[in-house]
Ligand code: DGJ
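Only one chain is given next, in structure tokens, and it is the form predicted on its own.
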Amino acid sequence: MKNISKIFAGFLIFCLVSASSAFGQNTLPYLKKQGDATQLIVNGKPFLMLAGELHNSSCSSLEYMAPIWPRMAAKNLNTVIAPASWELVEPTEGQYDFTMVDAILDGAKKSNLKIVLIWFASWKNGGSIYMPSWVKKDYKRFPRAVDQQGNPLEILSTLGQESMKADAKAFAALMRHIKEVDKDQTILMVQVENEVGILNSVRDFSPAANKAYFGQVPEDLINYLTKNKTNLIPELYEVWSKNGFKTKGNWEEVFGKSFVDVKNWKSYSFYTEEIFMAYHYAKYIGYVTAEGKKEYNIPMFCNAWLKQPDYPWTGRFPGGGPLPEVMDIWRAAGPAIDFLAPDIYYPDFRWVMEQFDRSGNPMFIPETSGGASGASKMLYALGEHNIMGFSPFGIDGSNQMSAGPAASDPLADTYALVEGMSGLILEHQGKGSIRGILVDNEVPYQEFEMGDYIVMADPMSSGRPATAQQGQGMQQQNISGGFIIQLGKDEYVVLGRDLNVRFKPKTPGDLPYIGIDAVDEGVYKNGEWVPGRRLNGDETHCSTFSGTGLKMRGMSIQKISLYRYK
């Protein structure tokens, strides 16, 4: 009897383990915190998206896309960002056509690629151009935003309830279809709309918008502000505090009357209008997102067209879009939206990353530039900001990835190296044992503490460590970037491009001299380190005065172990 009980118990444990394993394999993609990082979990394991975004119209043609899919895989991508447009999904109201969506899934699966899907619907780059003809032409049922002079804009009003419900109904149908056909979970995430915001007007001046603007600030927003008062984004906290933290009143009474300060270029000129528009964009898109998640609950996010220094006023950039200064407004009004992501074409890449990497916002770059500079920025963002993925725009065009061999493309080369060590990167994200490096003509020298050492970095082309003062006179250089992972007390691995990476003592009075025990060049294959050359002499830095460490001309992975001596 005891033996039977043991056999039964063993069988039960086997069944539970098998069920648990099967559940892990079939769990939908989701976001999970690891330290101060957020990672995308796919089939039970963290997944790093080495991605590229297709041009807007690419997926509208089966013939055009046929040769593109294998090219993307050959360029070492593991993920493609591809659009699905409302006008093609619902050409006639209530009648859905998923031909192009199915073609995206089929093409991606055949090339062993994952997909981040974009829903081009009510708004794309601020305008309303991807909605179906039956929505475009019925501007009574689907009202437009209006400028201050009373002129209609080619932008759906965020106050249009019929527009919101029609968009949400189509999006829910799309997600229901994806749930039915995407059994392999090829689609990892969805970007809902694209670069939304009001253009050519500081806000919507339609009758519904005016009534809302001069009416009471909605209770859900006030409740959010009150509950999160001490943790608000600084820009929002500042304007709310200046008005006495009011919890009742219209938008100008609670957040202040906006102004134009051309002389000082104040960043919150028309900020109240931006807050107002952000609330209503987030309310609308949050509803669309929530309806889609009811059908198929995978991560969903919104992307932002960045505010430029010479266009600081809402309306000159898409006002109310998912920008950092209104991050809390989006969270309050659109809680179903998982995170906000920057489309980065702005020169100060570091600043943009710092702005979005606040308040626990998960980090993903859905749209940016590629090439050699893009590769350097990607490496930096992986190490410094724990990004879930990186995606240059127009990846199917010659401006990003050539049709030639992967070896001729810096981004493709970099993706190949990162893919081999993605497990190691993901293991260290959020734990303080990985840092990013980015040096250029503007910031020619970087240093930070890591373990028992101070890490110093400068561009390899300079030939010697550059100081901040020396950097002012340096000639124009390409961007050099990378990341460093601490593997042990005195052991580090660096993936870098055109970098000098040196080490010096953190505590000069204690064993001040640092020597190289060994430097190996190599690669990671399927997570395993494969050493190549043992570097020494002219291929390393071995100076008590200028630092001890690595010379990384071109792109390479180098592992270094250090020791101390007196």
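Computed from a predicted structure; not experimentally measured. All residue numbers refer to positions in the sequence shown, first residue = 1.
Separately, the form predicted in complex with this ligand exists; it is not shown, and the next lines address it.
> Heavy atom within 4.5 Å of this ligand in the predicted bound form: which of N303, S163, T414, S128 fits that? Just give me the one.
Contact with this ligand in the predicted bound form is made by N303 alone.
> Quick one: from H177, K124, R331, K169, grab the residue that has a heavy atom within 4.5 Å of this ligand in the predicted bound form.
Result of the distance check: K124.
> Hey, of 194-202, 353-361, 233-241, 152-160, which bit sits against this ligand in the predicted bound form at 4.5 Å between non-hydrogen atoms?
Checking each option against the 4.5 Å cut-off leaves 194-202.
> Whether Y345 contacts this ligand in the predicted bound form should be assessed with a 4.5 Å heavy atom distance threshold; does it?
Yes, Y345 sits close enough to this ligand in the predicted bound form that at least one of its heavy atoms falls within 4.5 Å.
> Against this ligand in the predicted bound form, would E367 count as a contact residue? Criterion: heavy atoms within 4.5 Å.
Yes, E367 is a contact residue.
> If you check in the predicted bound form, is F393 within 4.5 Å of this ligand, heavy atoms only?
Yes, F393 sits close enough to this ligand in the predicted bound form that at least one of its heavy atoms falls within 4.5 Å.
> So, Q34 and this ligand: in the predicted bound form, are they within 4.5 Å at any heavy atom pair?
Output for Q34 is no: heavy atoms all beyond 4.5 Å of this ligand.
> Within 4.5 Å of this ligand in the predicted bound form, counting any non-hydrogen atom, which residues from 47-67 show up?
The stretch 47-67, when checked against this ligand in the predicted bound form, contributes E53, N56 at the 4.5 Å heavy-atom cut-off.
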